[in-house]
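In the block that follows, a single chain appears as structure tokens, in the form predicted alone.
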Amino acid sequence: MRIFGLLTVLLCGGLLIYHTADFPAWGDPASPASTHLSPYYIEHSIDDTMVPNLVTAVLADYRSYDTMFETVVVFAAGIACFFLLRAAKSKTPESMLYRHIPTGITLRIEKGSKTPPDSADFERIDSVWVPYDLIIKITCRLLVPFIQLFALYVVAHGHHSPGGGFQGGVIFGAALILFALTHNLSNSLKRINEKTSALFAASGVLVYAGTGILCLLLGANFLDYSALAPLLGGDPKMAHSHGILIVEIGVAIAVMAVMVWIYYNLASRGRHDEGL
């Protein structure tokens, strides 16, 4: 099987390398992309989409089908990591670590021993952990809300400035991962657990595809955002811009959730009991 897989990779790679000779030269001003596509996008994107950011106009409008399936691929990556990495969670770990907050003393509770009572004096920590640092913990708690706020800004202003759904989703997901790294996995799971992240990932794809289906129900083509004018108010051009914002929000939700979902499985070896 390994030999068959190796031959398949070599054959496909050889075909790709062979056919690169048919591509236009790098930066060729006479290539079809330079003589037909790029000039049209540059000259007509504002009139067609009401979006000043040319990159967003191309991704969410001119090639919106491709971007939708890119979002599906991101969601599929989360599902693949779930099936490959997720392991059955043991009811009782071999040992558990607790920190006595008033003194900073770390307690290791062996399997089967009595754990400290639920109180504000004890907190569960992961076995692979950074020594407690009050400055790091407080700084993270102060920074995470601002990082998340910036992520929302990147998504909302993706029309008019550099940004968009993929970038905003990555920043928001990085904020949640930063919280998990500086605190512990259990605290992060209390705020957004595995089921929630999976539902968010699916809902992000649903928002994108559902927008296209809604356009069909309103009598227009799939992802023809101008059909949303009766629902969003305003003229079709402005509805087109708002429709792009809606799908960008869907992309951001999917990317954020899949990042967190994959991190949970990688950091805990699929067990979700202890992480980095």
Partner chain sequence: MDGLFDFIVSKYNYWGYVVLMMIGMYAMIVKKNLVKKIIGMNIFQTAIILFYVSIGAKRDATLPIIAHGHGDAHHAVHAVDYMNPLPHVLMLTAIVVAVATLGVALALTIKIYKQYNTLEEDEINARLRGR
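Residue numbers count along the first chain shown, from 1. Quantities reported herein were computed from a predicted structural model and do not represent experimental measurements. By rigid core we mean the largest C-alpha set that fits within 1.5 Å across both forms.
Another form exists, predicted together with its partner chain; not displayed. Remarks below refer to it.
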Inset, instruction - Using a 4.5 Å heavy atom cut-off, state whether L37 contacts its partner chain in the predicted bound form. - result: yes
Inset, instruction - Determine whether any heavy atom of I253 comes within 4.5 Å of a heavy atom of its partner chain in the predicted bound form, and answer yes or no. - result: no
Legend entry - R141, heavy atom within 4.5 angstroms of its partner chain in the predicted bound form: no
Legend entry - its partner chain contact at P162 in the predicted bound form, heavy atom, 4.5 Å: yes
Inset, instruction - Identify whether its partner chain in the predicted bound form is within 4.5 Å of every residue in the set L152, L218 and I249, based on non-hydrogen atoms. - result: no
Inset, instruction - Could you spot which one of A198, L97, I192, A77 gets a heavy atom to within 4.5 Å of its partner chain in the predicted bound form? - result: A77
Legend entry - Yes/no, L266 Cα shift of 2 Å or more between this form and the one not shown with rigid core fixed: no
